[in-house]
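Shown next are two forms of a single protein chain, provided one at a time as structure tokens under the names structure 1 and structure 2.
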Structure 1
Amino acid sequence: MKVLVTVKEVAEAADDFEIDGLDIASEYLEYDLNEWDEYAVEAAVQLQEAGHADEVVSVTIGPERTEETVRMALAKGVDRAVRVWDDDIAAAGLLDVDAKARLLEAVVAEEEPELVLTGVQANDDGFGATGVSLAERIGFEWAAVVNDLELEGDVAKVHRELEGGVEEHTEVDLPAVLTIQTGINEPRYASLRGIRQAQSKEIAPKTLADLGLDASAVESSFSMTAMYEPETESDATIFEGDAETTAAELATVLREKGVGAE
């Protein structure tokens, strides 16, 4: 069985940064593998170690710089990777969920995996819909917010973390797309041996043309219109003085807010 894991490089801004047009100036950004994708990578590698998967392949959408991040997944046990990018994708700017799903759909058509794992969301745009949208496009069964996974033959037994502390136990027939929630496992650190091996593993660059697509595939309904640092607002009240004075002031405020009995 082949497992395809979608991974994304995300940027984290320094505590103090400057905005350059519609982006944060690059010198204030550090790039890393999306947190949720790390759990998806670990789940895929564990499936391979357990004998369920013959090959684990990662796919990412991003410029050449992202190869450094993708090699983190390779160092943790992923066999090879695919990186999708060209000038038309770069010119499209912010890709919406549909555009990402179209690109990933083309990669799925080439790779023909039986199982696709994605992080449940990305910690930059926070869309949280790419995995499910991909499943819809490729006609796979799916389960979202998966925090436990077992494979039995062609069936994935999963636990899903729902709102309100509710957890659902369900079964999903393969082929399937599962979006992975944090807590499903403990992502491993890349070993020195793994880091060395990752340098020789394949990261295959793919353009839209390579995938049988054109620029219309990355047309997006989103556009960036502004970038600003939100103002910090606080209505905290600090009471100063001895305990008796501050307790009386606090009681007055609570009464005014309608808290407690008269």
Structure 2
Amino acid sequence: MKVLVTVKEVAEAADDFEIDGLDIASEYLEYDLNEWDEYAVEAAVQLQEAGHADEVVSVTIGPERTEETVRMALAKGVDRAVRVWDDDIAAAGLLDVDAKARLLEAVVAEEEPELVLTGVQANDDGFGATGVSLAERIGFEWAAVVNDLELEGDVAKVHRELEGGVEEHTEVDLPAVLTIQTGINEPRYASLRGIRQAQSKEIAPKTLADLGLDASAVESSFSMTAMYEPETESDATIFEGDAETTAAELATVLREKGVGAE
């Protein structure tokens, strides 16, 4: 069985940042592998180690820079990767859920995996919808927010983590897309050997044309019109000064609230 894992490089904003037009100015952004995807990668590699998967392939949508992030997945045991990008995608700006699902659908058509793993959400745009949207497009069954996974024949037995400390046990027929929640496993660190091997693993670049698509595939029906720092209604009292001073001030407040009283 082949497992496809979607991975995304996400941008994190520095503590202090400035907005430039419709995005955070690039000098304040740092890039990393999306937290939820790390767990999806680990789940896939574990399926391979357990003999369920013959091959684990990662796919990402992103410019050349994102290969650095994809190498992290390769260093952890993913066999090879596909990276989808071209000028039309770059020009499209923020890709909506539908556009992403369309691109991934084309990759699924080429790779023919039996299981697709994605993260529950990406920490930058936070749509939390690409995996399930993809499943519907490709006619796979699915489960969202999975924090436990066992394969038994053609069935995935999963736990879905609901709100309030409740888990749902669900059986899902394969082929399927599962969106993976943090905590399902313990993502490994890449070994030095893994990092070295990752250098020679394939990251195949694909354009829209390579996937049999054209610019209409990334047309989106929404446009971002503004980005701003949210106005806080906060009237928080912020204590200023060194640790001793601020701690003393905070302790006074806490004592007034009865904390520490025997």
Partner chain sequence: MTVLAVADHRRGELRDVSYELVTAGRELAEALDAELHVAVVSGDVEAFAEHLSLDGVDTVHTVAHGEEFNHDVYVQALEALDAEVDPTVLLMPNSVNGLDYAPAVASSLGLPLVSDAVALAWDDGLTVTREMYASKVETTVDVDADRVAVTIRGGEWGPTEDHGSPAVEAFDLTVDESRVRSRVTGFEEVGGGDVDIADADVLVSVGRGIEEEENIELVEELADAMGATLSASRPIVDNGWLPKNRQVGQSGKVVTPDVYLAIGISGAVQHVAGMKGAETIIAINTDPNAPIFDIADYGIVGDLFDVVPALVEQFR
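Please read all numbers here as calculations on a predicted model, not as lab measurements. Under this definition, the rigid core comprises the largest set of C-alpha atoms superposing within 1.5 Å between the forms. Residue numbering: structure 1 sequence, from 1.
Between the two isolated copies of the chain, the form predicted together with its partner chain corresponds to structure 2.
With the core held fixed between the two structures, A204 has its Cα displaced by under 2 Å. Shown in the overlay between the two structures, fitted on the rigid core, is a CA shift at E229 of 2 Å or greater. Taking the core as the reference frame, the CA atom of E18 shifts 2.8 angstrom between the two structures. Here the rigid core is superposed, and E249 then shows its C-alpha moved by 16.0 angstrom between the two structures.
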